[in-house]
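First comes one chain, alone, set out as structure tokens in the form predicted alone.
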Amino acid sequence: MDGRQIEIRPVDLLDPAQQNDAARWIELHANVQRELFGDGGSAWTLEEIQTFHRSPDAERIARAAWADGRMVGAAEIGMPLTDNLALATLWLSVDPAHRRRGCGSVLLADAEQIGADHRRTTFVAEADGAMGAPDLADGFATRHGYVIAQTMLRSALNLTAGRDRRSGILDRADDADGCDDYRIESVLDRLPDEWLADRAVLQQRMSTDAPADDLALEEEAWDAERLRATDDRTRRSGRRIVESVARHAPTGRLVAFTRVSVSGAEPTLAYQQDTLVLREHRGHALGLRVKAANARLLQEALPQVTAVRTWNSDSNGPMLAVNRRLGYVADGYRHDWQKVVS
């Protein structure tokens, strides 16, 4: 088999008539994670992916590579519609038994053409690897003009250990000088309406204040309405949300937040989402405090969760230090491969 024998077909993940193809499509992506990490691979459920495909914030197009009557590759092209209008994110997976036969190249060319048709000039694709293992995408990505724009470290927190350490962090913070100006608040699932305006600001600042290294990204556009709609879709997908914020008492404004989500299909594992402390309020251990408080609520509200998985830029020394104090241990990495075309 070579590239000339591969057929690329669209996959409508929302069409009930294509649910068999959709299930195979998501399984191809999951197989790659199992190849890299065994039982520690990260995987989305089809229901969660369908939620993204219903979002008005981005257009997402699913494609599949077929050879000899069998689906052997899967791709998704994601294109934001409210900001970063030059960006296309690519998610490509090829069945290990069908690699080095042209399948990945044909899938990538098709994905880039779709992006070009939508006037996208920046392409970003993620590639994971276990700690110490080579990046399987290295030669392929380089050959097609991609360079590493950011390296993320994947880390895991064992929630069954270290409870006293996290409680001690919160107790010491309460006694620390200057911490009286900040109050930690936590919530399960639905964000309070009175949080939304400030949380939208924090979400937007994630795109400017968190390290992006060499990624060609622009500031995102968030408001209360978009944040509420995004939360509602997340909950409809079956995910639980645990979030903690820091409120600046003198002004009453939210100035830091952290969030994890838990998939209904993987109830023992929480995925760390965003964490941010506004630049003007750093230096008060707020990142450490909100993450410790969030871990405490997670254990109390969802005791079946035994671990949290997170990703941080390897250039983000302060957040990596926070994670080490909480007990996170690095177990993998992710390369963000980028290609910018004229």
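All of these numbers come straight from a predicted model, not from anything done at the bench. Don't overthink the numbering: it's just position in the shown sequence, from 1.
The same protein has a further form, the form predicted together with a small molecule, not shown here; the description that follows concerns it.
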With a 4.5 Å heavy atom cut-off to the small molecule in the predicted complex, the contacting stretch among 143-151, 239-247, 187-195, 204-212 is 143-151
Considering non-hydrogen atoms and a 4.5 Å limit, does the small molecule approach L298 in the predicted complex?
no
Margin query: Can you tell me if E126 lies within 4.5 angstroms of the small molecule in the predicted complex, counting non-hydrogen atoms only?
Written below: yes
*Looking at the partner-bound form in the predicted complex, is S105 within 4.5 Å of the small molecule by any heavy atom?*
yes
(request) Report yes if any heavy atom of A216 sits within 4.5 Å of a heavy atom of the small molecule in the predicted complex; otherwise report no. (result) no
With the partner omitted here, the residue among H118, R101, R235, R253 that in the predicted complex has a heavy atom within 4.5 Å of the small molecule is R101
Answer key, the small molecule contact in the predicted complex at 4.5 Å (heavy atoms) among I114, A86, L136, M71: the residue is L136
